[in-house]
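One chain is shown next in structure tokens, namely the form predicted alone.
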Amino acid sequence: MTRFLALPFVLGVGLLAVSATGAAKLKVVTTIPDLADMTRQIGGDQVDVTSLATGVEDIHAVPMKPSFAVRLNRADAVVLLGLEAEHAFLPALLEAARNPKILRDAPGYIDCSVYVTPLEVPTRIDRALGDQHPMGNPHYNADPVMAKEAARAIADGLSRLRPEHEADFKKNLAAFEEKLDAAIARWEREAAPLRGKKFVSYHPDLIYFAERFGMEPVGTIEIRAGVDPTPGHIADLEERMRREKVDLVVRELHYPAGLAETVARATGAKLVELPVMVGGVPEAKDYISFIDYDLQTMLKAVKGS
């Protein structure tokens, strides 16, 4: 009888222990895999991280799945690129999730752009024109130096939510920055052949990458970010490419191949196909291998042209 009476107490203690263990892990949802990788490295065993995008999508058009709203409803934090990169899907998902912990300005809303000075900030903001970059170019994840700023914002956000682990988060941030700094030093040496090379891309995903490694963007196949090309625009772009001797046409892998191939063939430029996020190709399994893949692919194109 004593054994049976003690059983509920033992089970209760066990459930409390499980509950305490579960509470120790922050459930974090990121918008892209790049931020998921950084969050795992900074959060360590204090975080359980998932990403909405897998790396093959257009960040401006990630499909809205019902499961995403469920995931966000259960989250302690959402980590995003910011600068309205996720405008087409994240606000509606946050509304559907009904989770006050991760709404804008709540402690669990971690905007990684807070330390970033954006490029290409427009003088006129009008979404009616179709522009997807009303606050400036949000594709700073392609610049590893800007990634350090994103990582710092993640460490700040996790520390807000678990201040008792702030020292651990800062230590993990420093370790991540050390690895990234070593890679940046290597990349900047290796990137020497890219300096001064001109390129056209489908969308301005690589402006920060170009700025970091000394390349010169000449234009985009789109008329502007999010605005589909017209025959007249393509004719003008090809003429400019011939005039300025543009070396490369970059097709970000989530855009259709045909038009980029046509522009490259018409101008004699080399076609380069690149992912713009972690997970965009199997080789880009984490942030450092993503940047490494894009840089090495670009270098092969330049050396082969």
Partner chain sequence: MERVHRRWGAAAMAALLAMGSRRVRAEDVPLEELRRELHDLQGQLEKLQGQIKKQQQVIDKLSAEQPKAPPPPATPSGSTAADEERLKRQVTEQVLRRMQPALAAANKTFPSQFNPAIGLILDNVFSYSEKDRGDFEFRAAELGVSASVDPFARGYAIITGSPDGFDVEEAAIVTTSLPYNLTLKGGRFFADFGRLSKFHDHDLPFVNRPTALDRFIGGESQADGVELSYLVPLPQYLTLTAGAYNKLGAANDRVSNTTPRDFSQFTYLGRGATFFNLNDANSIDLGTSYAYTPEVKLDGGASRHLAGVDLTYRYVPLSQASYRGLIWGSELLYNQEDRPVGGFPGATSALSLARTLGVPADAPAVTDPPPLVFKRRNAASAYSYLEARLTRRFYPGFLFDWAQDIDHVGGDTKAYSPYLTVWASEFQRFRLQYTRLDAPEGNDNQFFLQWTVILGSHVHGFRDR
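Treat the numbers as computed from the prediction; the structure is a model and nothing was measured. Residue numbers count along the first chain shown, from 1.
Just so you know, the form predicted in complex with its partner chain exists too; it's not on screen, but the next bit is about it.
Q: Just one of Pro107, Gly232, Pro100, Pro193 has a heavy atom within 4.5 Å of its partner chain in the predicted complex. Which one?
A: Residue within 4.5 Å of the partner: Pro100.
Q: Partner absent here, but in the predicted complex, which of 260 to 268, 34 to 42, 65 to 73, 232 to 240 has residues with a heavy atom within 4.5 Å of its partner chain?
A: Of the options given, it is 65 to 73.
Q: How about Lys171: is it within 4.5 Å of its partner chain in the predicted complex, going by heavy atoms?
A: Outside the cut-off, so no.
Q: With the partner left out here, check for me: in the predicted complex, does some heavy atom of Tyr202 sit within 4.5 Å of its partner chain?
A: So Tyr202 counts as contacting its partner chain.
Q: Can you work out whether Val145 and its partner chain are in contact in the predicted complex, taking contact to mean some heavy atom pair no more than 4.5 Å apart?
A: Yes, Val145 sits close enough to its partner chain in the predicted complex that at least one of its heavy atoms falls within 4.5 Å.
Q: Looking at the partner-bound form in the predicted complex, is Ala155 within 4.5 Å of its partner chain by any heavy atom?
A: Contact check for Ala155: no, nothing within 4.5 Å of its partner chain in the predicted complex.
Q: In the predicted complex, which residues of 32 to 65 put a heavy atom within 4.5 Å of its partner chain?
A: Thr54, Val56, Glu57, Asp58, Ala61, Pro63, Met64, Lys65 sit within 4.5 Å of the partner.
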